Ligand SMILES: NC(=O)c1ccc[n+]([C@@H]2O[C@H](COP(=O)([O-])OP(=O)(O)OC[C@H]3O[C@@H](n4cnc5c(N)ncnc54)[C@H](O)[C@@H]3O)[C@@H](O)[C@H]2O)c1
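Presented below, as structure tokens, is a lone chain in the form predicted alone.
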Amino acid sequence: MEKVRIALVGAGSIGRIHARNVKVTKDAELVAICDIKEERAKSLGEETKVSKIYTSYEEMIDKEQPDGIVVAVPNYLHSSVTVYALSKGTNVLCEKPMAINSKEAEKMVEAYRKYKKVLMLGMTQRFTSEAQVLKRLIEQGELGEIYFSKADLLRRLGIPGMGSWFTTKKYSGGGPLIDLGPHMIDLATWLIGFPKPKSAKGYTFSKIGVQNKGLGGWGIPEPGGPFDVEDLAVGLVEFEKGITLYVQVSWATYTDETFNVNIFGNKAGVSYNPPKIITEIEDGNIVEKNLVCQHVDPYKREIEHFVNVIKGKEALLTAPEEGLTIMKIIDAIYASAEKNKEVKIE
């Protein structure tokens, strides 16, 4: 296989990013674009010089028989598009969240095991240099016994596509918890070695979006459309081995913008943004050591990894089973917020 032939399903904001990165990846070729809105697909096709445009992903997969597809459609379609592609022998890179809930994610894992094709998940933060450096430090035992982690992604003005599928629960599954949560929960959990989650306690709030405020830059707004999701979510997750994760994510909150993961051990702690380690030196003083990390475009590296996994050059970094675990955590936080009590994770 010289070039990996990749087709795109979904020509929205994130789909356009993936399309551009496929175009500049040495061993990849963008062969077709599908979007339910033909004009949007044609516009991206003109930009990327792709002439094969479809409004049906089934037709595109059947006719083009690509080596892989990138799934960049609304959350409720992730499972059905992925399962269909895998059943046709097509490798899949699926955007986060893995699915609209863990039940749909389980169908994807079953198809992955049945058809034995690549199912890669868009956990982009794993591909940053900062994440890779912190992962090595933790695996080398620099932190000692890890007991607590904290993941924060708080936006002041960041509601995507106000009134569109993003803010419509039956299509999205929720607000920032299912939109931003997969990145933050996955990054924190992956860094500490993916211990098994036991339970979660969650809280959700919808205070800014319901006032038609807080619009951000992602997505395509549809004025007058619904907003029936949260704009702030908080969760406390208990894992085996005595580890706890505190996560808070928002689309719109009157606060300082925050994007960070902290991991706490009994020998040292680390921060993701900025990347640093806080530790104790021989004389008992606590010191901070800034970590110099080379900048990489994680979205570009993600596509390169997908191509290399298909070609057998790299081992898959984002296992489907791990994505399913993240979805179970998210489901549990939502369920806990609704029931106002702690929820066990099976």
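The numbering used is simple: start at 1 and walk along the sequence shown. None of the values given here were measured: they were computed from a predicted structure.
Below, we turn to the form predicted in complex with the ligand, even though it does not appear here.
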| Stretch from 276 to 284, 317 to 325, 28 to 36, 303 to 311 whose residues place a heavy atom within 4.5 Å of the ligand in the predicted complex | 28 to 36
| Position in contact with the ligand when the complex is considered in the predicted complex, options 221, 214, 74, 269, heavy atoms within 4.5 Å | 74
| said: Between 165, 239, 112, 84, only one gets a heavy atom within 4.5 angstroms of the ligand in the predicted complex; which residue is that? | reply: 165
| task | Examine residue 135 and determine whether its closest non-hydrogen atom to the ligand in the predicted complex is within 4.5 angstroms. | result | no
| task | Give a yes or no for residue 179: in the predicted complex, does one of its heavy atoms lie within 4.5 Å of a heavy atom belonging to the ligand? | result | yes
| query | Would residue 262 count as a contact of the ligand in the predicted complex, using a 4.5 angstroms cut-off between non-hydrogen atoms? | reply | no
| query | Is residue 209 close enough to the ligand in the predicted complex to count, meaning some heavy atom within 4.5 Å? | reply | no
| remark: Contacts from 267 to 297 to the ligand in the predicted complex (any heavy atom within 4.5 Å), listed N to C, are none
